[in-house]
Structure formats: structure tokens, C-alpha cells
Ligand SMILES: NC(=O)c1ccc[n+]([C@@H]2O[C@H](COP(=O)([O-])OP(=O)(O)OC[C@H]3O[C@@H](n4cnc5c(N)ncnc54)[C@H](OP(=O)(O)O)[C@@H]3O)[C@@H](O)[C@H]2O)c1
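Given next, in C-alpha cells, is a single chain: the form predicted alone.
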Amino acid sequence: MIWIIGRAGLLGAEVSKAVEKLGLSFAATGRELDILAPHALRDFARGKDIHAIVNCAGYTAVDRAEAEEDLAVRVNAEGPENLARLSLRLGARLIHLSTDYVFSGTKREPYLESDAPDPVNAYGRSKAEGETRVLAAGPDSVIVRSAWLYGRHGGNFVSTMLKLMRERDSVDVVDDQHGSPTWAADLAGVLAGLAARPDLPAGIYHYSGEGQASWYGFAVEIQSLALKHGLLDRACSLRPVATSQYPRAARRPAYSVLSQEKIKALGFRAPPWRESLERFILSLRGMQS
């Protein structure tokens, strides 16, 4: 059995679908089961033949984390550590989600799994600490770093942009931060595939959409595809701006593209991000028809 944690979130809901599509048995839990409560976790696992735990739960409010770093660390580091200890006790494999924000963004070529984390904000620090604790408590664990995630469930850049494009005549979008947009359904398929492979080497892997863009370039493509497929009935003016013109509580890495050669060597495909975005836009159109 595969145990999916964070079933109602942006990613967790998609992982449940992906696991079901593979014909694998699974259980999915949400907020009713606190990953900060080891006894509750053990009670849930008791009597179940769990061979993999996929942790999609996390504190993801990047700006709010600047004022709530202790809480972010509890959810993003202490909770995953509890899961790693439990997985070791069960003889199960923990697959834990991390982020491109563990990096500073000073590099100008894709980050490798072996590059040292150097986060520039509280959220990134909490996720980097989570990685360290997970691998220390459960050496057989797998960590998957991803980036710029969007999908049907929960708030994300695509849904925000579509809303703003419908409501406004112009939208300013940051053009000097670069990363790789990733559809949650693509990532979920990879996580399900990893959970189904008992021979999977432990350690850190990167997975995101293939290619890179700035937030502005991402927004331009969102609008183009939304107009093409009838999700927008008019264009709005998109204006590229510098990060300095759009102050936020948390610093963001200027460049956080992830190298994916390691996970590709296992046979997993990373579709071009524009291809996945169009498939996602088409899925939204299907919901409206």
C-alpha cells in the first residue's frame, strides 16, 4: 500500500489520481492526521501493509514564512523527520517533496542534486532543514525537488494570472526571476512511479517542466493559450518589471532551474513546460464546458 499525505493540496490530490491510475492500493490522509504527532502517525499505520509514504504536506506560504519561520520549520522539517522515522520503523520508503527554493539563485546553469543548498528566505531554510532531517532519520528516503508548481487544486501562479487577466486591463509581472513551470499532474505521475519502484536508489532527485522561463514569460504563455482555447475573451496588457519594482517579504532566487538528468536516467520524462501548460489549459476548458 502507498500512503499519500496531504491529499487535498495542489499536489496530493493529483498523486492520488496517479496512483489509482497505476492500479495500486493506497490510503490518503489530510489535515485530520497531524504529521507533528508521531503517536497519531503510528496509530494510523498500525496493521497496514505500507511500502511507500508520499509526503505532499507542507508549509508553502513563502512570504508569511518570514514572520512564521518556527512554524514553517515544524511543518517542513520536524513533520517530515517524523515520517522518515516511521518509514524506517515500517520498512517503508519515504518520498518527500522539496523545492528549488533551497538554492540561492546565484548560479546561471541548472542546479544539480549535488549542489549545496543556500536558501535566501525562511521557507527555503525550512525546506533545506527538512531535507537534512529526512535523510538523517531515514537514509533510504527519496527527496524530489520541484519548482514553480501549478494545477487545478489550491492557489498557484496560473490561477492567479487567469483571474487578474479577466479583472484588469494590465498586469505587471516580474521578468528577472527564472525557473521551470511544472504541472502538478506531471509531477504526480513521477511520484507515483517512484513509489512503485522498490529498487529505486535513495537520495535527492530533481523534477520540473523541461525548459525555463521568467514569470513574465510564463504569464505571456498563459494568456496566449487561454485566448487560443477560449478561457479568456480579451487580452490584457502584460508589463515586465524588475523584482525591485515588486517588493515582497521574502527574497526569491533569481535563477532556480533544476537539472533533471539524474531522474531521466531512471526513465522518467519531463515534458516541455509549454506543452504541459497547454494540456492544463485544455483541462480547464473541459471543466467549463
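This is a predicted model, so every value here is computed, not measured. A residue's number is simply how far along the shown sequence it sits, counting from 1.
Not on display, but discussed next: the form predicted in complex with this ligand.
Remark: residue 242 does not count among the residues lining this ligand in the model of the complex, judged by a heavy atom distance of 4.5 Å or less.
With a 4.5 Å cutoff on heavy atoms, residue 58 counts as touching this ligand in the model of the complex. Proximity of residue 183 to this ligand in the model of the complex: non-hydrogen atoms within 4.5 Å are absent; the residue sits far from the partner. This ligand is not shown here, and in the model of the complex it never comes within 4.5 Å of any heavy atom of residue 171. With the partner omitted here, the stretch from 104-112, 120-128, 87-95, 162-170 that lies within 4.5 Å of this ligand by heavy atoms in the model of the complex is 120-128.
Taking a 4.5 Å heavy atom cutoff to this ligand in the model of the complex, the contact residue among 33, 227, 249, 220 is 33. Among 82, 146, 212, 177, the residue placing a heavy atom within 4.5 Å of this ligand in the model of the complex is 146. Of all the residues from 197-229, none has a non-hydrogen atom no more than 4.5 Å from this ligand in the model of the complex.
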